[in-house]
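Below, in structure tokens: the form predicted on its own, a single chain.
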Amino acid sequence: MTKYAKKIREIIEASRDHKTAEQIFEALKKTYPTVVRATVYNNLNKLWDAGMIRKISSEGLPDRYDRLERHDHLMCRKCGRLIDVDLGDLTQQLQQRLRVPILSYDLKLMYICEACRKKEQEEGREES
């Protein structure tokens, strides 16, 4: 593993913010000021391909990266805010229901966060 990949993984493991590649690039520049974006993207792809980090994708939003520790996510459909949730390990239940061996799963529950609901309500009052 390269020094960049090791530091990128450390950044992801230490964060609970589900950082984008750009945020990881900015954090990595603090340690390696001459690093270029391509290095970050290449190493993120290698780490993800190797199963060392999680990638969270959602249409219209940049990919975000997360630690492997077992957890699920709540994602706001409006602003993309991601929150970790612990629903327990559902692997056994899924395997019994589907009758196939499950290697892993990534549960992302969509909702509208409180800030976006308030914003919608305020916009609705303005239109009245």
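In case it trips you up, residue 1 is the first one in the sequence shown, and so on. Every value quoted in this text rests on a predicted model; they were computed, and no experiment measured them.
The discussion below concerns the form predicted in complex with another copy of the chain, not included here.
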query = Using a 4.5 Å heavy atom cut-off, are Ser58, Val85 and Leu90 all in contact with another copy of the chain in the predicted complex?
reply = yes
ask   = Taking 4.5 angstroms as the cut-off for heavy atoms, does Ala38 touch another copy of the chain in the predicted complex?
value = no
query = Looking in the predicted complex, any heavy atom of Arg97 within 4.5 Å of another copy of the chain?
reply = yes
key: Residue contact check: Pro101 to another copy of the chain in the predicted complex, 4.5 Å heavy atom   = yes
request  = Using the partner position in the predicted complex, report whether Asp17 sits within 4.5 Å of another copy of the chain, counting heavy atoms only.
outcome  = no
note = Looking in the predicted complex, the residues of 36-51 with a heavy atom no more than 4.5 Å from another copy of the chain, listed in order, are Trp48, Asp49, Gly51
